[in-house]
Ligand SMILES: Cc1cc2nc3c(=O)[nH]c(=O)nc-3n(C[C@H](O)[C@H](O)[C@H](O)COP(=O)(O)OP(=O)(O)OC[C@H]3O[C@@H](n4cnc5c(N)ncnc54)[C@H](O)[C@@H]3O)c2cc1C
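Below sits a lone chain in structure tokens, taken as the form predicted on its own.
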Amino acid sequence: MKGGCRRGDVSSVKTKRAYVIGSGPNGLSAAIELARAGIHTTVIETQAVIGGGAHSAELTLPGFIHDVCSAVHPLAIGSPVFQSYPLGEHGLHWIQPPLPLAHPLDSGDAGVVERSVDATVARLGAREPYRRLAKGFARDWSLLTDELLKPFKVPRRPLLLGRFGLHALRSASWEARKLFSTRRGQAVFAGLAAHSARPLESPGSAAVGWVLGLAAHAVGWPIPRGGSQQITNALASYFQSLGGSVVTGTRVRSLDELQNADAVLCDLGPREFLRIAREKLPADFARKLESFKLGPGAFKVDWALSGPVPWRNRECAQAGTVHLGGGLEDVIESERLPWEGVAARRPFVLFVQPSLFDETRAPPGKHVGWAYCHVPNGSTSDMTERIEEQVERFAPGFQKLILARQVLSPADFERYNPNYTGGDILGGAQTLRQMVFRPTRSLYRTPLKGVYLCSASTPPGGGVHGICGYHAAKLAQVEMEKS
């Protein structure tokens, strides 16, 4: 060490400084890891409020608290990163609805996922391979997620990962037909896999279906009491308790503004990172970022409702999440069309009514509803009527309950968070290649010394889990220690 520092003379040891650009779950997790390592860390957020994809607000009427983006959080409660933080001490409390998921059909029947594997098998007509695999993988959930939710490397548990991969690498359409003997079971698996925003006939599309289905058994599909903002608030509170600082309402326009940093971690998508760093990047790396493939956009509607949704199948009122889209073939078509540049006439809709389980979300007797569907990236189609028709299809009388609505188109999503390019809320297409190498083979590293990427465009991808930020911060720590 320069300067002839004597043992115990800490006054001459330079405190390292880091900045994190962006206050989404990944940015805050990165900041926490840096602060825990004794690095003076500041989070810089463009918006007046923190949160990124985990933010809640009164979008429709006073007293109606809506989740702006994410609403239900199996990956958050199951995240090994979040589990290592004392978030409960900082105000985060989970609510587990009686049922994680329901998927109604036109017949009035509904596919239902319960926490119990055996109960779910009986309800969905799952074949023996599903029962055996689901029980085993749910039991080993923490070991499995430790393998799946990290950068690609030689696995520590190759047999476990290999068994999972044999099924995850298949198409969701194939897996649904092989695993389930009933229409409701096949529809449920298609709906689970549709969270990937990929065509369900494509290889690897079964992976997300398996992960989310196993999460329902292992950890549930909970909602945070008070809305998704409470995840953000707990992360920020813990970060600040470690001595970290948060600056809001400040837009970083160039990396030159942060020249005094030992490390800069960017919770930014490829195009946003190019905005602040293009002039410093080698041309070939910039081209790789520009070629990063985007996924479909999202079109979302929030409602203030005068009462609970009148589901034809009553079990839907016990489910934290309701998938609306009919049978397997209907869901397959709905999820293929956005990749063909077409907005589906009858879209697959993800629906949540959190006020059924959390009285803090709406005035007494009133409710909030949240729903979105996939559309072509950058689509200008207004899907409001089509989404409401899908809800009405399975809950006759729903539209009479609407007091007010708020719509977010793909362009609105991008204005809210520039990382959501063209409305892509997952941070990039979930293709097989981009599930491993995102946004480039360098993963979190950039060619710039001390500058790292930590957004959902890095492994393991989209979702409120903080794991992208965690791994980027760990890499930054190792490289700071070497310098």
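The shown structure was predicted, so the numbers you read here are calculated from the model rather than taken from an experiment. Residue indices: 1-based, along the sequence shown.
The form predicted in complex with this ligand is left out here; the points below concern that form.
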Here the chain appears without its partner; judged in the predicted complex, the stretch of 201-209, 386-394, 116-124, 247-255 with heavy atoms within 4.5 Å of this ligand is 247-255
Among Ile44, Leu443, Ile39, Ile65, just one has a heavy atom within 4.5 Å of this ligand in the predicted complex, namely Ile44
Partner-free chain; cross-checking this ligand in the predicted complex, the single residue of Met435, Ala35, Val451, Cys69 with a heavy atom within 4.5 Å is Cys69
**OP:** Please state whether every one of the three residues Gly295, Asp412 and Gly428 places a non-hydrogen atom within 4.5 angstroms of this ligand in the predicted complex.
**Re:** no
Point to revise | Contact label in the predicted complex: Glu335 to this ligand, heavy atom within 4.5 Å | key: no
- Message: Residue-level contact is defined here as any heavy atom of the residue lying within 4.5 Å of this ligand in the predicted complex; does Asn419 satisfy this criterion?
- Response: yes
Checklist line | His73, heavy atom within 4.5 angstroms of this ligand in the predicted complex | finding: yes
message: Leu268 versus this ligand, in the predicted complex: is there a non-hydrogen atom within 4.5 Å?
response: yes
Restricting to 440-476, the residues within 4.5 Å of this ligand in the predicted complex through any heavy atom are Ser455, Ala456, Gly462, Gly463, Val464
